[in-house]
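For reference, the chain that follows is the form predicted alone, supplied as structure tokens.
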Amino acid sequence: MNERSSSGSSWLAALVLLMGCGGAEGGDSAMLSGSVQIDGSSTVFPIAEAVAEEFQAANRSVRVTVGVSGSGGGFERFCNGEIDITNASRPIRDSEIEECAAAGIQFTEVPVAWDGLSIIVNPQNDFLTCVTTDELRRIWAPDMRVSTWRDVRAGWPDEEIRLYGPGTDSGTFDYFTETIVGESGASRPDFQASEDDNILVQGVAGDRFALGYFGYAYYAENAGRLKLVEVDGGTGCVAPSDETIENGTYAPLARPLFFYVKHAALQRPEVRAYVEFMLREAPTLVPATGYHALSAAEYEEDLALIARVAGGGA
């Protein structure tokens, strides 16, 4: 049976601070060896990369590889038995659960952080500081005829809107289209798409009349090159921040981030040690990567969940 939890700037400085903290908890670093294979969401990638760097520094005989194929691509590899852990910026779909079940793969869903999906424009954009969710829907919906900024709001420039967003394998794409457009996967096709959020950053940073969306961490890493837009979900203009994500006022674009781990993989000491290390270091590493950490109690619940699953075998 699949067990699923009920939960939903640069990290280099944090890594330096953590370097002196010793080996991975839950295992003897001198005894650990092998590999941990991870893929999935580009949104969760900064967290996984930070954890992998620090974990390998303490466990030099373990190789951790972190890929970025998007939430959908990660679930495909996960259910094909190719990787141990997949990162996701959306919950697993019923069809993906069925694919894993057909392959005999049992797994556990683990919440790891909160994100404020961010609306971004070029710093030279001097007319847009706040956008409503209805205006975002009009810009992105496949049945709309919006081509210029003036089409969205009178007084805005009669200049073409050039759009940048995640590719269709991205959990961010799924979440945005479902939340803003009203149907997962429903989007106008004429936008620059990439599973690599760094490419989206470059696109918006180089295009005065661009608009894009991606996870908050990529804005935080590039704040000097981008302009963050507040979002009005019906109660006023709000920007994503730790406070607004935690108190729920950054609605409806605050969302949980997850990783999924195979039960069979948790029977390998290096995989279990990596997962436990991630959850113990998350209160420090998650904020350092630009996301909002869960509460200490929630990470303790995650650790207890992993202990139960690992103790129960594959």
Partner chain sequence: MTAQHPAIGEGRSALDRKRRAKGAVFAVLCGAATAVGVLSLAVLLVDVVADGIGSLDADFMTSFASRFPERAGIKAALAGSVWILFLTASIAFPLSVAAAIYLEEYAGEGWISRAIQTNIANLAGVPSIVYGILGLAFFVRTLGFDRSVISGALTLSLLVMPVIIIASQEAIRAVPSTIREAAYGLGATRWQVVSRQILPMAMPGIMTGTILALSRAVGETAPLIMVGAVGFIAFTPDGLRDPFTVLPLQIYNWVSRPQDEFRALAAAGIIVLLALLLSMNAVAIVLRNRYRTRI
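Numbering follows the first chain given and starts at 1. Predicted model only: the values in this text are computed from it and were never measured.
Although not depicted, the form predicted together with the partner chain is the subject of the following passage.
**Student:** Sort through Lys227, Arg138, Arg77, Arg188 and report the residue having a heavy atom within 4.5 Å of the partner chain in the predicted complex.
**Tutor:** Of the candidates Lys227, Arg138, Arg77, Arg188, Arg77 is the one lying within 4.5 Å of the partner chain in the predicted complex.
**Student:** I need to confirm a contact call. Of Asp126, Glu82, Glu178, Glu159, which residue comes within 4.5 Å of the partner chain in the predicted complex, counting heavy atoms only?
**Tutor:** By the 4.5 Å criterion, the partner-contacting residue is Glu82.
**Student:** Please name which of the stretches 194-202, 88-96, 109-117, 234-242 has residues with heavy atoms lying within 4.5 Å of the partner chain in the predicted complex.
**Tutor:** So the stretch in question is 194-202.
**Student:** Taking heavy atoms and a 4.5 Å cut-off, does Glu54 contact the partner chain in the predicted complex?
**Tutor:** Glu54 belongs to the contact set for the partner chain.
**Student:** Would Phe259 count as a contact of the partner chain in the predicted complex, using a 4.5 angstroms cut-off between non-hydrogen atoms?
**Tutor:** The answer is no: Phe259 has no heavy atom within 4.5 Å of the partner chain.
**Student:** Is Glu246 a contact residue for the partner chain in the predicted complex, using a 4.5 Å heavy atom cut-off?
**Tutor:** So Glu246 does not count as contacting the partner chain.
**Student:** Look up in the predicted complex whether Glu221 has a non-hydrogen atom within 4.5 angstroms of the partner chain, and give yes or no.
**Tutor:** Contact with the partner chain, yes.
**Student:** Under the 4.5 Å heavy atom criterion, name the residues of 255-289 that approach the partner chain in the predicted complex, in sequence order.
**Tutor:** If the 4.5 Å heavy-atom criterion is applied to the partner chain in the predicted complex, 255-289 yields only Leu285.
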